[in-house]
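Encoded as structure tokens, the following chain is the form predicted on its own, with no partner shown.
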């Protein structure tokens, strides 16, 4: 066997051995670098004289990272100017930052007022293999605690709450909460200083979650800012009933309130009353100026992007749950618009 053939066979054997023994590349979400050209030197012996041939070969690029799939179930619409829109817009912002639909897929179910229907949708998304399934509503917590153990490879998230159900042995649920009392305090202070009647009306949906936090913070801020300020608080018992929220606002105006506020997707009714009655409105969860520019003074806006990014990064690192997150002024999750 000539020298050239021997060297080629040894080179081929060594290449096969290295390929077989090399460790598998760890998955990564970082952009795949452009493959560098590979330089291969082959030595031939022609008539007793060594001759070196240089061959340049470009290996195929590595396979791109898989698309991260997120599904969300929401109690209202993606354009509710409140709770659901804040989370949906946050998902869209993260999707753009990650590189678009090819990097992050978003599926959603909106208007899921019925808890059993929402639970069915959550189960359907999990069974389809979505990486992160978000139950965006405190009313979905019980269903999620029962569902999550059935899909141990899926990350779930819910809010607003801080319970990840670890006490029940659940390990794949994230929880998040907006510390809405912070913005409520600021807006309540402004409302009290602006008010000419000294009467403020607050219309809450259900006395729970971030809605109650906001109402309590607004009331405390108003009463602390100006002695003698009267703050009337009512709860409609519904997150979605626009007519009940409008009726509550009318009752507050009739009692002398010239400053109004409230929480949930149903506040569009109350904002309409503020506009028609010449009162001022303070919003929360999303920027509400668009609904009545002449009536809306300011809004507390929820920015969920930081939380969403950390949940995605945690899942990709193998941490499927067990974390609780909060939105605050300090971490940039709460903003006054």
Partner chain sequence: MSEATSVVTRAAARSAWARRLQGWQGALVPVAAVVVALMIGAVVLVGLGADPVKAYSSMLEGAFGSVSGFTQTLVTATPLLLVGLGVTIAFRGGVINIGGEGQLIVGALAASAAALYLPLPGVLLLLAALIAGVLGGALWGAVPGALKAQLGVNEILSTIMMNQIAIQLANYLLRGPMIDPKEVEAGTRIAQSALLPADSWLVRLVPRTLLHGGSILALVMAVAVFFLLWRTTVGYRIRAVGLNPDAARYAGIPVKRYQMLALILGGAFAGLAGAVEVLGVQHRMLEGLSGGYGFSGIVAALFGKLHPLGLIPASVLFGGLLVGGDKMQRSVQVPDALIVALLGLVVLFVVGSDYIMRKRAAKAQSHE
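For the two forms, the rigid core is made up of the largest set of C-alpha atoms that agree within 1.5 Å on superposition. Positions refer to the first chain, counted from 1. Small disclaimer: the values here were computed from a predicted structure and weren't measured.
From this point on, the text means the form predicted in complex with the partner chain, which you will not see here.
The partner chain in the model of the complex comes within 4.5 Å of a heavy atom belonging to residue 212. None of the heavy atoms of residue 182 is located within 4.5 Å of the partner chain in the model of the complex. In the model of the complex, the partner chain lies within 4.5 Å of some heavy atom of residue 162. Put simply, residue 198 is far from the partner chain in the model of the complex: not one heavy atom of it is within 4.5 Å. Partner proximity in the model of the complex, defined as non-hydrogen atoms within 4.5 angstroms of the partner chain, places exactly one of 185-193, 201-209, 221-229, 91-99 at the interface: 201-209. Interface residues of 94-117, taken as those with a heavy atom within 4.5 Å of the partner chain in the model of the complex (partner not displayed): 106, 107, 108, 109, 110, 111, 112, 113, 114, 115, 116, 117, in sequence order. Comparing the forms between this form and the one not shown on their rigid core, the Cα displacement of residue 141 stays under 2 Å. A movement of the C-alpha atom of residue 207 reaching 2 angstroms or beyond is seen between this form and the one not shown when the two forms are aligned on their rigid core.
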